[in-house]
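Single chain ahead, by itself, as structure tokens, in the form predicted alone.
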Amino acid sequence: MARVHLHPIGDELQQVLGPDDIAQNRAYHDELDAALAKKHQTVREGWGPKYVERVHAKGKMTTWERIQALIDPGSQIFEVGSLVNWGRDFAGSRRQAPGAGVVTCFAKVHDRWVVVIANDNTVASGAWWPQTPEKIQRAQEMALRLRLPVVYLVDCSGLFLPEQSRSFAGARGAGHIFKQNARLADHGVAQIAGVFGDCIAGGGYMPLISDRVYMTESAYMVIAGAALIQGAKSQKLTSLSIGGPEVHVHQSRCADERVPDDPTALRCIRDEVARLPSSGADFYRHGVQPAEPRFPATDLRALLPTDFRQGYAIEQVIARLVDDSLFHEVLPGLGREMLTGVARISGLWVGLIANRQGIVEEPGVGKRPGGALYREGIAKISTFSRACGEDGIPVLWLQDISGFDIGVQAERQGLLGYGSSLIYANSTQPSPMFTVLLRKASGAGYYAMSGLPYDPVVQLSTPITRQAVMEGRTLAIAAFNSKLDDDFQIATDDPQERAAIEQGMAETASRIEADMDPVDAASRMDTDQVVPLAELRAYLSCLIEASWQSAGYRRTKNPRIWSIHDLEVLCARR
């Protein structure tokens, strides 16, 4: 009978770093975490107290009050896309659109993970801004991939019309939300909607395919509101009279239940979730209970260096993420710049693929820098990823990569072909994949290690993530290569030309460095969420547990018959 033997991994922080390094690293990360927390708080406040008062004056709850009433008391919320549109101005508005005017998150209701999609009714009455549709669709895709129930809390005044050209048309325009509704229904994913207020045009379509639709007395769903209907004033029509609960619950039957107010609707939605199948996570734990790591996740603020060129031991990071700091390494004898293995998070199995940093000794090859992809490592992680897919194990990618090996030998070894094999493995992976960009996410290595274009269910960044084709200085050298000699020094004796080239390179490097900021990446939806290092373990516990909640939609072998065992036997002699 094959068994997985987990082994202790990691050391006490004081055995890894000296007190000065610990203090310096913590101070650096604390400053970044504080700045990030301030941004998240700004987003959560929406348009501020004045607009909260307006919502309350209408007898309604704010979006965050609704979410808190919906979820299990004391449970944690894990947002995705909270920084979408951060720092962006829009024509026709004196205010920005924090969070793109919609909250999307993982949360627990009756001990089941659900995806919540809720219009922020303190931001332009829940209007859809540029990137709001994409953010909603991204959350729907996460729910579809994990087969998690979706709860829509609808309070939407429709498109923000001055910017309609940036959110209406295109392959991912607002209408694609409704296709996602249909795809979820087609795959048997439960959708439950509460309609709490304005629900105009696209906002009116979003709840209709849901399995249950609740409407409060102040809610209405209309293709066009009274303001757009000719003669509405003389007929004394209102949007509520055109499409309120009296119409849609009792006449059109577009909604199922009529409830007096927000709290009642939220209680009814909770009751609906309780009627769904319970989580399968406890079954797949095979009698093992969740356990915290032996070393606290808060240590990660000290372990990750302030200088991205400085190395660290990825084993120490994993020891702060997995249960009991226990890990089983798979294929340890080859492709040493890559680490592959299995562990438990929240008592549930997960495969881990991570970059090693520093100088790595490869058997039969010699020493070479980590943080890059070489032939042996690529073959190793391709094979391991396929084995996880075969066995039904979720895969967690921990990225800190500068790219692929380059040079004459790399091309002769066929790295392009090996890289394509890895891309194919990831593109056809049947098990859920989650990607964490710990630090560097550079070049084609970012793609190969399941970057966002290769469909991880969720991609997380940290406050020190640097996501780009090249670092700023490297890109400046590439851009001005024709002006440089073989040693990358400026090849001119003309003082004015030299000064112009120096200025151009400096400006290019500075612009690229700004583009690499993780908050900017999150604003553009180039990553799903920026998570402080100390909170990474909790977030991963949510995602891994959510990936084991629904049974029957993917292959899930018991650990005795994993393909990984065959892999280890066949490679043992090496």
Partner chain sequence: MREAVRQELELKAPSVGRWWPSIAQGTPLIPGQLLGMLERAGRELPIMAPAGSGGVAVELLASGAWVAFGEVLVTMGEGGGSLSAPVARPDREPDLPDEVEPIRADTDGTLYLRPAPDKPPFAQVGDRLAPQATVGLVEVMKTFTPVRAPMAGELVRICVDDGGAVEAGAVLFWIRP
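Note that this is a predicted model, so its numbers are computed, not measured. Positions refer to the first chain, counted from 1.
Beyond what is shown, the protein has a form predicted together with its partner chain; the following relates to that form.
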**Item:** Whether Val43, Lys50 and Pro263 all lie within 4.5 angstroms of its partner chain in the predicted bound form by heavy atom
**Value:** no
**Asked** Ok, Glu502, Glu292, Glu141, Glu329: which has a heavy atom sitting within 4.5 Å of its partner chain in the predicted bound form?
**Response** Glu329
**Request:** Counting non-hydrogen atoms within 4.5 angstroms of its partner chain in the predicted bound form, say which of Asp493, Glu361, Asp89, Asp485 makes the cut.
**Result:** Glu361
**Message:** For the interface check, one of 189 to 197, 353 to 361, 443 to 451, 274 to 282 should have non-hydrogen atoms within 4.5 Å of its partner chain in the predicted bound form; which one?
**Reply:** 353 to 361
**Request:** Answer for Gly552 alone: is it within 4.5 Å of its partner chain in the predicted bound form, judged on heavy atom distances?
**Result:** no
**Prompt:** Any of the heavy atoms of Ser420 lying within 4.5 Å of its partner chain in the predicted bound form?
**Reply:** no
**Asked** So in the predicted bound form, does any heavy atom of Arg309 sit within 4.5 Å of its partner chain?
**Response** yes
**Message:** Taking its partner chain as it sits in the predicted bound form, is Pro369 near enough to touch it, meaning that at least one heavy atom pair lies within 4.5 angstroms?
**Reply:** yes
**Asked** Using a 4.5 Å cut-off on heavy atoms, what residues in 14 to 36 are near its partner chain in the predicted bound form?
**Response** Gln14, Gln15, Val16, Leu17, Gly18, Pro19, Asp21
